[in-house]
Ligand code: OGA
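Here we start with a single chain on its own, the form predicted on its own, put down as structure tokens.
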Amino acid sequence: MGISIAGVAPELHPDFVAEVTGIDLRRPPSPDDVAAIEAGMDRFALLVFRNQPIDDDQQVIFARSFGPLEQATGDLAQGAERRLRMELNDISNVNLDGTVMARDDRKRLFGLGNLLWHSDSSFKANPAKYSMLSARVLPARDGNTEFADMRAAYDALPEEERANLHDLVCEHTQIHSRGVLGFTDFTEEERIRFAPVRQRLIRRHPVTGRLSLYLSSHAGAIEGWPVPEARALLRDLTEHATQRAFVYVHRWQPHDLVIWDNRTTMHRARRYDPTEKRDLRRTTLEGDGPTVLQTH
């Protein structure tokens, strides 16, 4: 019995979210498994794998089956401060000793940027392709993750507005997204590491050819535009793209693994009790190349 991929959110767009069964991620996927999952990602953009009790090595082996992995250079903690290997982004509120971070911990405050709508690694010149997030420890309630279909959001814009957006290029940086929340505590090294990068506002999927908005909380400027006008447009587009009609809410279960395509989705974490432990670990595939080199 092979892989089965079936849509699970028909009340949204029928080609947005699907659940994958018939595979055990503790074992390396076969070439046929990889091909089936890639085809599912091209169609749906978001795949859910339930009951996959994997460890870090198994997650990295599975992720590498789809291509080169990013290093977690976007995490605030680096070097000896890191809890996990560099192929894993630490999406948690957990200290090195396994305790829950204090409410005013600098790493925790930086991580609150995940509560804003964003696309992973849009602050890198070569932004991410897939993200793969594994739920290891969950709070008793809350802490969901919401996903927005940026293809459907693009399709729903008036044709004239779509045309006006096609040639726009934005600047993305984590300094902007964290600044929205009032976090400005960056070292000089971090300011250099998080220097703005250029990204197109409209992207074309390299396989399906579908166009989508490419928005993120990291976007704080549009080239050639006054900053207030640029931010007003980006806010309007984000409000449009995150209407309930375009959004899927993932309610985590222990050992879920969720894969999403950062080229065609945005996501955000939701709040939970900060005294409870929440430990999720993300592997991230390198992207197709700088978006400014892509054509429509």
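Throughout, we count residues from 1 along the sequence that is shown. Please read these numbers as outputs of a predicted model, since none were measured by experiment.
One more form of this protein exists, namely the form predicted in complex with the named molecule; it is left out here, but the text below deals with it.
- Between 116 to 124, 151 to 159, 222 to 230, 167 to 175, the stretch whose residues reach within 4.5 angstroms of the named molecule in the model of the complex through a non-hydrogen atom is 116 to 124.
- Between the named molecule and the residues 99, 208, 144, 73, the one pair within 4.5 Å by heavy atoms in the model of the complex involves 144.
- Of the residues 128, 215, 135, 91, just one reaches the named molecule in the model of the complex with a heavy atom at 4.5 Å or closer; this is 91.
- When contacts are judged by a 4.5 Å heavy atom cut-off, residue 44 does not count as touching the named molecule in the model of the complex.
- Contact annotation: residue 267 falls within 4.5 Å of the named molecule in the model of the complex, judged by heavy atom distances.
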